[in-house]
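Single chain ahead, written as structure tokens, the form predicted alone.
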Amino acid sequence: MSSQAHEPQAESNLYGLMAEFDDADTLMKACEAARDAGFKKMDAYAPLPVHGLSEALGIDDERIQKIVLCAGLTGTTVGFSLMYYITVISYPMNVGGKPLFSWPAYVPPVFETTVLFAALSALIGMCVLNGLPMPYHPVFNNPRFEMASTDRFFLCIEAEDPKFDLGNTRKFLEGLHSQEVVEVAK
């Protein structure tokens, strides 16, 4: 009875299970297998960009595109409104008999404000959505994880995943041709 009382406490301190792989192809196959097995809360770590890894993990997040589009449209509106205010309302000047509302002259400043708003929203949105800055992450508790920046590939399935079961998930990761499967503490 006492071992069962300690087990939930130990699992509450568990962030997840991390499997180590030798190459990107094995990592991709492992990610696809984990996605197909129904795991949702997982992440992969690699020393180099791996094409298709997001799709293999089942990540289909388009929030940053929507943020950038909305900010770009806001930048267009702000730039056009600013140019209209300056040339028609605040400082109207009749230069060469041209109309006060000569929109072709607005194109360069409006383009620049569109790019400015979109670029800043992409930077800020990326930082916020990725949870940056993040000086600490539980995967750093794995002593082998420092190899993720040189020549090792890792897949971590989080304990918060609805399908996560310590024993079954460990067997599943071991069956994916992993070099090692370790528990990652919070």
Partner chain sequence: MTEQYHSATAPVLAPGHNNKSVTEKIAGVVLTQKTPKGWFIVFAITFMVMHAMVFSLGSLVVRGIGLWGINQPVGWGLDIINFVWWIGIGHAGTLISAILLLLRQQWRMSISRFAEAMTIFAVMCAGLYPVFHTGRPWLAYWLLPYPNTMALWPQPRSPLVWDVFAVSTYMTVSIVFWYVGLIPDLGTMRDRAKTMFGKKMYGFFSLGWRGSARHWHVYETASLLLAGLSTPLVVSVHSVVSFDFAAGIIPGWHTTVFPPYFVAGAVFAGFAMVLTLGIPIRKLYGLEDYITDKHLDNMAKVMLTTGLVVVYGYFLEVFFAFYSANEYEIAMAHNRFSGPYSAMYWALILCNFIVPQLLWIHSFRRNTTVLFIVSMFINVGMWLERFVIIPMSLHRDFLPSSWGFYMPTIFDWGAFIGSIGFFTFMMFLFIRGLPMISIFEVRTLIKKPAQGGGH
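Residue numbers count along the first chain shown, from 1. Under this definition, the rigid core comprises the largest set of C-alpha atoms superposing within 1.5 Å between the forms. Bear in mind that the values here come from a model prediction, so they are computed numbers and not experimental data.
Beyond what is shown, the protein has a form predicted together with its partner chain; the following relates to that form.
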4.5 angstroms heavy atom contact with its partner chain in the model of the complex for Asp36: no
In the model of the complex, does Thr87 come within 4.5 Å of its partner chain, counting heavy atoms only? yes
Would Ala44 count as a contact of its partner chain in the model of the complex, using a 4.5 angstroms cut-off between non-hydrogen atoms? yes
Would Ala118 show up as a contact with its partner chain in the model of the complex if we use heavy atoms at 4.5 Å? yes
Within 4.5 Å of its partner chain in the model of the complex, all of Leu48, Ile64 and Asn130 (non-hydrogen atom): yes
Looking at its partner chain in the model of the complex, which residues in 95-111 have at least one heavy atom within 4.5 Å of it? Val95, Lys98, Pro99, Leu100, Ser102, Ala105, Pro108, Pro109, Phe111
Can a Cα shift of no less than 2 Å be assigned to Tyr91 between this form and the one not shown, given superposition on the rigid core? yes
Shift of Leu73 between this form and the one not shown at or above 2 Å (CA, core fit): no
